[in-house]
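Next up: just one chain, as structure tokens, the form predicted alone.
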């Protein structure tokens, strides 16, 4: 048991071990809860709840009634669990610390402007969420759960995600690769 605690206290895990464990979590999620992993619906669920506080039309909307209910859903609980798990991991490994933006990588590539970082992150988040809505799911939903089911769309998406990630990294960082 002490070897497990020692492994859990490491600040960085092997990506192979983390990937294998994520696969186990995805399979257990389907077997135990009959739910696929996915995160993008969380924000829509919460937006529906918050929107309902300000407008009664949310409860009458077909979208909020049947497509994406304004409720504390499986995805909302999953996101809370991801946050708590990351917090527990950082506390256990002794790497927890409060950080302020922008970080050193951002400063190196884009300068020290904090407002620019927040605006860029916000716009990127909007684009990402809009794209997830068009695609019918997010990266975790399509790449992890889709690939788990051997869906061709999931396999194609994951190949495209890696290819575009490599190209984006080259564009942003040039030859400055860091491990």
Partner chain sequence: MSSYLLALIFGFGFGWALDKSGLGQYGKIANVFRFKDMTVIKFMMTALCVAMVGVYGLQSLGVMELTKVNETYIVGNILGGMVFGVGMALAGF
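Positions refer to the first chain, counted from 1. What you are looking at is a predicted structure, and each value in this text was computed from that prediction instead of being measured. Take the two forms, superpose them, and find the largest set of C-alpha atoms that agree within 1.5 Å; that set is the rigid core.
From this point on, the text means the form predicted together with its partner chain, which you will not see here.
At a distance threshold of 4.5 angstroms between non-hydrogen atoms, residue 65 is out of contact with its partner chain in the model of the complex.
At the 4.5 Å threshold, heavy atoms of residue 70 stay clear of its partner chain in the model of the complex, well away from it. Heavy atoms of residue 150 reach within 4.5 Å of its partner chain in the model of the complex, making it an interface residue. Contact check for residue 113: no non-hydrogen atom falls within 4.5 Å of its partner chain in the model of the complex.
In the model of the complex, 8, 9, 10, 11, 12, 13, 15, 16, 18, 19, 20, 21, 22, 23, 24, 25 are the residues of 1-25 with at least one heavy atom within 4.5 Å of its partner chain, listed from first to last. Once both forms are fitted on their rigid core, the CA atom of residue 161 lies 2 Å or more apart between this form and the one not shown. Relative to this conformation, a decrease of 3 Å or more in the Cα-Cα distance between residue 127 and residue 165 is found in the model of the complex.
CA of residue 159 to CA of residue 17: farther apart by 3 Å or more in the model of the complex than in the shown form.
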